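Single chain ahead, written as structure tokens, the form predicted alone.
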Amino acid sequence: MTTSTTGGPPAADLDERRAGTSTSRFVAGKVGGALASLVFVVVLGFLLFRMIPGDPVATMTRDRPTSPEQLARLRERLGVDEPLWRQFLDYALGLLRGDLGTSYLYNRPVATMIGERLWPTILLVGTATVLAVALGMWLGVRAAWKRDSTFDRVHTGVALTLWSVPQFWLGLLLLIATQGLFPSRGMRSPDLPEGFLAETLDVAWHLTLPCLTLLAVIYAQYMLVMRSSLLEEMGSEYLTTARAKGLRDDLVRRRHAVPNALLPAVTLVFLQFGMVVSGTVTVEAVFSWPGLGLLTYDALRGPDLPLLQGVFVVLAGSVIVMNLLAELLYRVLDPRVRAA
């Protein structure tokens, strides 16, 4: 074992300690940055939704004979007549206790409502993301390996077009084009017979159009990133060496080129997952999919401030967490970042 000339600890141990300190400092910095971002999101969400035009008390009492005294008592009970700083203090203290407040329109705990709507959103986003990653990476590899071919030009052009299309507009087009072929609203049929298999098939049938809408937009990002990453690897000397050893072109691609080109695409999966969750608002509204997106759309009509704030914190928090995981994963996968 190598030791220092002054009789101190071995040089290898010193290197390990420095690496451990560097990693701890890196993780602490990223976690601290994520927490700071979350605090900023809480403050921004609170102020942003109070700029929305509309009176929640007037919405709650619409079409109901209400006296000025009753309106005043309702405003006092909801706390909307208190100073802004007092409202924010109550909101922040509630968040620290895990209390997201009570919905104005539904008179139910916001946390409970979000919990009920979370699973449909996870099902929609998870299914679309898995399919988009598989399809996008496969097409990206094929397009890069057949650069400037008809396959590359067609699929790259289609991907760029779909990437630029608004999700709600594409969803409306799919509704029109497939009218009568797929369910256009909801997650389950009202006259569904009992049974696990029947329920699963029915949910999958309702999932088809919203999932296809998300898939068509987000797969393009994975394809274009994978194509670009693989094109950079194709000029590397180690691929020339592999071919010189007599390896088939297919083996060179699968065993050498693709694994080294996966890093940016894998990182993008985490970075984009949070953004996809936040972007489901319009898709769920178009197809009346009972997830967090539709819940947000309904809350905006109030405006239901506690519900909007709760959903905003959950969606923005998912983006922050996924970005944090992407940065930590990048350090694990890329030795160049670990050595920095």
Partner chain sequence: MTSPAWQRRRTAARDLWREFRTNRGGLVGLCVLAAIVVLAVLAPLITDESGLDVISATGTPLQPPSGEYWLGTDVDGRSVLLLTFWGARVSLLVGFAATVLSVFIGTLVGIVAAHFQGWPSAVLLRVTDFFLVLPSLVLAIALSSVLTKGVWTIVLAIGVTSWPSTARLVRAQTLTIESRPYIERAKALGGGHAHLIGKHVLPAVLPLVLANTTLVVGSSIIAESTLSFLGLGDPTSVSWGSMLQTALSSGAVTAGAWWYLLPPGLAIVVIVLSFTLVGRALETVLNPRLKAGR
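Bear in mind the structure is a predicted one, so any value in this text is a computation, not a measurement. Positions refer to the first chain, counted from 1.
A second form of this protein, the form predicted together with the partner chain, is not displayed here; the remarks below concern that form.
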Checklist entry - Going by a heavy atom distance of 4.5 Å, is residue 325 a contact of the partner chain in the predicted bound form? => result no
Item to check | Interface membership of residue 320, the partner chain in the predicted bound form, 4.5 Å heavy atom rule | outcome: yes
Checklist entry - Does residue 28 make contact with the partner chain in the predicted bound form, using a 4.5 Å heavy atom cut-off? => result no
Next on the checklist: Is it the case that residue 83, even though its partner is missing from this view, gets within 4.5 Å of the partner chain in the predicted bound form, heavy atoms only?
Outcome noted: no
Item to check | Contact assignment for the partner chain in the predicted bound form, among 130, 154, 251, 176, heavy atom within 4.5 Å | outcome: 176
Item to check | Contact residue in the predicted bound form, chosen from 266, 172, 111, 105 - any heavy atom within 4.5 Å of the partner chain | outcome: 172
Item to check | Proximity to the partner chain in the predicted bound form (heavy atom, within 4.5 Å), stretch among 115 to 123, 157 to 165, 131 to 139, 208 to 216 | outcome: 157 to 165
Item to check | Check all three, 235, 262 and 329, heavy atom within 4.5 Å of the partner chain in the predicted bound form | outcome: no
Checklist entry - Mind listing which residues of 36 to 52 have a heavy atom within 4.5 Å of the partner chain in the predicted bound form? => result 37, 40, 41, 44, 48, 49, 52
